[in-house]
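There is one chain below, alone, in structure tokens, taken in the form predicted on its own.
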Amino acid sequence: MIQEGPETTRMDVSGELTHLTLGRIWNRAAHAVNAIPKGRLIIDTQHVKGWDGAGVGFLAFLKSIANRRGLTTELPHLDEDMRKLMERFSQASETTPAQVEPAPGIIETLGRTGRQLAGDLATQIAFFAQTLLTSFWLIGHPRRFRAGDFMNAVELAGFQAIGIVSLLGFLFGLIMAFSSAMPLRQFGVEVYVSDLVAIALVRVLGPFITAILVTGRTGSAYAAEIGTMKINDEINALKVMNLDPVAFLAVPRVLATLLVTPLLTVFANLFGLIGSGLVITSLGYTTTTYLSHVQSILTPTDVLVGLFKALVYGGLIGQIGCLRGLQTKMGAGAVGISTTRAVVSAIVLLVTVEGIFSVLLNALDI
């Protein structure tokens, strides 16, 4: 280190600037630069005999220390190759590191969640409107309707589900009757279990149980099927051929689910009443007594309310399954994510709609 003037310091660097030699002088050179109070620093490399990447890093390190201290740094005798590498070091050091965002707070998290839910609800409403308009358009263009896909969806969502829906309805009727009979037996009015089970099954549980089962079987199948087509670029192929994916894929499936869900609800209600009837007869009452109680408590309005609920549930399930399939992203787990989203979204929406139905029917005294 040579002091050439009151504000000029020269540092002579000589020998080999390689990873084998720099370990002995790296810290000493850094301390020497840190000791310079102010002015100009000249790093003279005229007598450097050899260098490698470590040598370039060493010079860039000294230059960065000098710059942080406000010194003017000059390297007058750099050869061309070393100068180019030094410029790359300078460009890399000037890049701004990525800023790590702080973890969001509770209010921010709630805001983001609310925004996502609102956006997803808006998307579902827009897709429902698109499906409805496309259905009306297909009425005027019946040849564009995929009757084969519609029948396949009817078979998948309807005929193949009759067995499991009937079994589940039977078991629920059995369980509800047993659960209700034990408390009512203390008062000697266990015969009214038939009234309780019949009204609850036909108005609420029958359509709701059927909707949950259709969601797990059919809604997830729609999402997986259309999602796989999305990953395989079949959706893009339809668009290239000027075929609307909503008309080609969604409308037949939504209409099929809309049609078969009330029919499946009839089977769930029927076998649920059979299950509850077995419990009532096992308590010593005759079948005639059970049927008379069911006929006296149920009205056509109750049956129509349950079927209307099932109709709405079927449309929601088909729509959400197709929408989640069309929203599938690329990746190994994308189809699984879409399937999960379809089931979870449908169940949450079904519970919400059931709550809305309960409030409206109570307000309208139906």
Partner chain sequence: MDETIIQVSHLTGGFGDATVLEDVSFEVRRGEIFIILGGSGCGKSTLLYHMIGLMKPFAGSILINGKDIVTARGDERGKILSSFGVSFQAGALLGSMTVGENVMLPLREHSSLPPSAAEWIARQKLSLVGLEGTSHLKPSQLSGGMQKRAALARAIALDPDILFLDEPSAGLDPVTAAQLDGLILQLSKTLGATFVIVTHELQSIRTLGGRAIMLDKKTKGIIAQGYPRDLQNDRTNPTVWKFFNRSMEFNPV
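Model, not experiment: these values are computed from the prediction. Residue numbers count along the first chain shown, from 1.
One more form of this protein should be noted, the form predicted together with its partner chain, which is absent from this view; the next part is about it.
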Notebook entry, point to check: Hey, in the predicted complex, does residue 127 get a heavy atom within 4.5 angstroms of its partner chain?
Noted result: no
Check: Given that the partner is absent here, does residue 200 sit within 4.5 Å of its partner chain in the predicted complex, heavy atoms only?
Finding: no
Note to self: Does any part of residue 205 reach within 4.5 Å of its partner chain in the predicted complex? Heavy atoms only, please.
What the structure shows: no
Note to self: Please tell me whether any heavy atom belonging to residue 232 falls inside 4.5 Å of a heavy atom of its partner chain, as the geometry stands in the predicted complex.
What the structure shows: yes
Item checked: 209, 341 and 344 each touching its partner chain in the predicted complex (heavy atom, 4.5 Å) -> no
Next item on the list: Could you tell me which of 117 to 125, 267 to 275, 67 to 75, 242 to 250 sits within 4.5 Å of its partner chain in the predicted complex, going by non-hydrogen atoms?
Entry: 242 to 250
Check: Only one of 236, 296, 287, 160 has a non-hydrogen atom within 4.5 angstroms of its partner chain in the predicted complex; which is it?
Finding: 236
Margin query: Within 4.5 Å, heavy atoms only, which of 112, 84, 185, 146 is in contact with its partner chain in the predicted complex?
Written below: 146
